[in-house]
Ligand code: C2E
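In the form predicted alone, a lone chain appears below as structure tokens.
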């Protein structure tokens, strides 16, 4: 048994050995179970007690398994704390699960290393030949996905299913698709106008990204933006594209000459990136966008995630004259009292309060309170979610400064929006009656 438990570090040797086991089981029309076993806490123990202790734990773990596996079974170390266990000729899933439970049971007793009693845990992912894959590489990948799924949901052992693939691989694949979408010009910027409710004319446009994938269909920003935020490189690539595209559209439209401001959403991830200030200032310089014409929208939750770092970056933007706006106000953690500490010039009332205002006295009171308190702090107030003339009129009567929503205009490509506006770029509308 000891010779069968020899540990091979080289991946090619492992895949070759797994391939032979698969071929043998295939010839006999039998199943093979592949278990990927990850030893928890091993890295922490190695850092604390040294590599020698970590290696001794691995050695003792292998020795313990000698008594529970069959002679035909194989163990191969495939990572610092990962083992592949090949179980040929298993009858059904229950046999593999039983073997997995026996392996986990080996860790109930602590490891005794140089008079130290050390405990470790393990997680196991299982995949079957030919059920889940017939190729050694793919079978290993799917067992590893099952392992990661077990780790993510806190279970000791999981068998591969398609849901493992969706939950663990989909974000990776979506990130790849999104990067290609930027390169392939699948992303489009659209712009939703904002109307000054007292002067009854357009005063700004908010830039919004849209993605229609040839393979995935229409993708919501709520899906692909969080995926992009997990990769600093991808987020930087997307941000550079967004800034250059929106500022180019804005300058080419001539809206800057008519006092119409450009609002751009600033991702939560970027408020933790010290380079974002230089990136935005450089892009503004390239396209000739003046600081007083740019509004950066950030959410309450993005600021509160790293308040000190966010404050440092926001102050840099304020110092050069860029307007800062709090998006979706009323849905996060902060209050107007806290916002006094921030260099914010504008609040956007979340549309959930605005759309419910006509039918809910509570929502109407919340909107009025936000408007009044904001004005006491000399903040401009923008109301999102304007869906009808009655709401627009009510907001104007309540003293709200700016309205935005589908009643005014849906998000539209810049060239279409330019034709929609008057020749002087104002697009006036009568609100008061």
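Numbering follows the first chain given and starts at 1. Computed from a predicted model, the values in this text were never measured in an experiment.
As for the form predicted in complex with this ligand, it is not shown, yet the points below apply to it.
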Do residue 206 and this ligand come within 4.5 Å of each other in the predicted bound form, heavy atoms counted?
yes
Within a 4.5 Å heavy atom cut-off, is residue 171 in contact with this ligand in the predicted bound form?
no
Can you tell me if residue 51 lies within 4.5 angstroms of this ligand in the predicted bound form, counting non-hydrogen atoms only?
no
Residue contact check: residue 401 to this ligand in the predicted bound form, 4.5 Å heavy atom:
no
What is the one choice in 302, 265, 196, 283 with a heavy atom within 4.5 Å of this ligand in the predicted bound form?
265
Which one of 310, 140, 192, 293 is close to this ligand in the predicted bound form, taking close to mean a heavy atom within 4.5 Å?
192
Given that the partner is absent here, state which listed stretch (196 to 204, 216 to 224, 145 to 153, 357 to 365) has heavy atoms within 4.5 Å of this ligand in the predicted bound form.
216 to 224
Is any part of 369 to 392 within 4.5 angstroms of this ligand in the predicted bound form by a non-hydrogen atom, and which residues would that be?
384, 385, 386, 387
